[in-house]
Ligand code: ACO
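Next comes just one chain, in structure tokens: the form predicted alone.
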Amino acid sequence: MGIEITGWGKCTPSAVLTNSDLESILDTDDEWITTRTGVKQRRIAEAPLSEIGTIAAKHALAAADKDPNEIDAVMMATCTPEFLIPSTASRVQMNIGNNTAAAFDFNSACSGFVYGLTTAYSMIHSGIFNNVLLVGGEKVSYFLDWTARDTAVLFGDGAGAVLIEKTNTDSKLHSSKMTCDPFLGEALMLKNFGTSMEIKDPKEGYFFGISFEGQEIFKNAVKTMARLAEEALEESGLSVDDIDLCIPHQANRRILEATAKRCNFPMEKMIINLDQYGNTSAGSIPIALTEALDEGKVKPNSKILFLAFGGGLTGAAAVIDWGGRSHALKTSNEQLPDSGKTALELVQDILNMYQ
């Protein structure tokens, strides 16, 4: 028995927020943002997260030519769920027309997709499921303090999805390493949410706002991703030279360059698209994977290293065999409806909610 990713898809909202746009609402400029992060623009969503995830899921199902009713489980990696109850995964399940699969969310922040990939492969390997639809996506814009330039410039909205199936091949998950350092959890935290939320008079307003300690994140991201990459390669019996592509979480270009240098990993093998989308947290790796496939960068039987780091502070690395097919069997025309608003107008709508 083998296990392969047989379908893939993404959904990135059409409203583009450029660095120049941010200059009009923040004390910043394109040069400051680009040199520190590598981000040139990001997407802002008006649609609910479940709709964004559904579009990505439908593209993944089309790429695999899979009937939604054959799906055994829908898993959603997100730290910005649409609801606490029911799960966002169950809304995606409903939207694709499946009413029998298992459905659940999990929150490992930016590492969520790799955590989910490992979980899906393991469940299929154990015989619990034959196939899993894994969606990673976020609507981070809703939770950002758009007056704080250290966080407002980093994040964007979007989702990606993959279909993982049991196959009659030798493809497999070679190794996976996952970790969390809870003692550094406050370095990246969304406070005043969940049961810690302070209920206030609506007239007073309240704001979530992601707290972010940039230097602590940078230092630990590089150290953790490099260590996990080395451990995953050692466990799989592979070397850096055996890896055809590395698809990392798209957090910050300087973090990715420092990680590659520490691992002696060539940058030309690393997929980077954060200049176009910013940090979409759990959505970043499946979006980057989908674009790499669309651009012909993923070849049949490639060995791929996934790397991630995120709030918690979590980290993850996984090495997989790609499988024998890197082209979509079918395509989907599904896309989000145009909101009719610019990205700046959508950001202003968010600001107005908390004033």
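For every residue, the number given is its place in the sequence shown, counted from 1. As the structure is a prediction and not an experimental result, all values here were calculated from the model.
The same protein also has a form predicted together with acetyl coenzyme *A (ACO), omitted here; what follows describes it.
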Should residue 243 be classed as touching acetyl coenzyme *A (ACO) in the predicted bound form when contacts are defined as heavy atoms within 4.5 Å? no
Any of the heavy atoms of residue 37 lying within 4.5 Å of acetyl coenzyme *A (ACO) in the predicted bound form? yes
Report yes if any heavy atom of residue 217 sits within 4.5 Å of a heavy atom of acetyl coenzyme *A (ACO) in the predicted bound form; otherwise report no. yes
Using 4.5 Å between non-hydrogen atoms, is residue 162 touching acetyl coenzyme *A (ACO) in the predicted bound form? no
Heavy atoms within 4.5 Å of acetyl coenzyme *A (ACO) in the predicted bound form: which stretch among 268-276, 173-181, 254-262, 88-96? 254-262
Students should find that, of 117, 110, 76, 140, the residue having a non-hydrogen atom no more than 4.5 angstroms from acetyl coenzyme *A (ACO) in the predicted bound form is 110
Can you pick the one in 106, 146, 212, 129 that has a heavy atom within 4.5 Å of acetyl coenzyme *A (ACO) in the predicted bound form? 212
Residues within 4.5 Å of acetyl coenzyme *A (ACO) in the predicted bound form, restricted to 284-316 and counted by heavy atom: 309, 310
